[in-house]
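Okay, so here's just one chain, in structure tokens, the form predicted on its own.
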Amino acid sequence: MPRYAQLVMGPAGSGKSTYCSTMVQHSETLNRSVQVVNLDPAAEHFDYPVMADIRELIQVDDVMEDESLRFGPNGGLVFCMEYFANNFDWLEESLGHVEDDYILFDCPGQIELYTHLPVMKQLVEQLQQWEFRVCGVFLVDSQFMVESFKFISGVMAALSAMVSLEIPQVNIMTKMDLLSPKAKKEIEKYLDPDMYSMMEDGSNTIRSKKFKKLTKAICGLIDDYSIVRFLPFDRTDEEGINIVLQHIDFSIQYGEDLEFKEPKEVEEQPANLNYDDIFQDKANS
């Protein structure tokens, strides 16, 4: 039987540990067994039990304090993750060989791990060899995404992880519960965005013709090919959490007795359609 995994990624402070904690609690209400593995060697604390913690293998503080290495925080993290990649047997032993596992991997936030370093790609390939079906879950703080060009930056970060890892990926806007009602209404347009409209709205802020042309090309790529879309995540909304979990489950075909289904393409729906209705219909089908 296959095993299932979520790689929980995103910039520092995007809410990865909070997401893991919320998913564990939500899964308990569904009588589902979900485990968490901490892969951040610089983590300080988290409020959920872990089945494995990379800090038992190596810690950033120890690397930084080593006089022979003399690394700073970022260099120390890269060293830790490369050391981890050379010791996947530790992870294999920690995970065991239980069938039908469902594991959340709480990953570090440094973007270089998903762009020009091979560590996370090597992890994905190793998990697949261990018969895991892996889905990337990329988190972006919704409080950061309230302006069009910040949104484009977040989209590019998510896209870089998608291109690097080559696995199904669900992109999520976190901390929706911290937004004001006005900000929540404003951010709805970023869940199913019209990139060309965003470009026109922000065109006055770009003075350079060269960069205006580049931004237009990026927006066209994202819009024409429907590459990146986001789901809202409010940790206080059980129905919304369930929608996110269903979307991820569909991407990795969770459950041996479930037929493969693809979530409906959001871009095919009218812009004013209620997203809750889309996923509720799927849940009831």
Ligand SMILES: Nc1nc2c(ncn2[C@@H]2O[C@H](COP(=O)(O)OP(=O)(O)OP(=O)(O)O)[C@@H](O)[C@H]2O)c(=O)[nH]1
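What you are looking at is a predicted structure, and each value in this text was computed from that prediction instead of being measured. All residue numbers are counted from 1 along the displayed sequence.
The same protein also exists as the form predicted together with this ligand; that form is not shown, yet it is the one meant from here on.
- Using a 4.5 angstroms threshold between heavy atoms, residue 177 counts as touching this ligand in the predicted complex.
- Proximity of residue 216 to this ligand in the predicted complex falls outside the 4.5 Å heavy atom cutoff.
- A residue is said to contact a partner when one of its heavy atoms sits within 4.5 Å of a partner heavy atom; residue 235 meets this definition for this ligand in the predicted complex.
- Interface residue remark: residue 109 is counted as part of the site for this ligand in the predicted complex, having a heavy atom within 4.5 Å.
- Residues are counted as partner-facing when one of their heavy atoms sits within 4.5 Å of this ligand in the predicted complex; in 131-164 not one qualifies.
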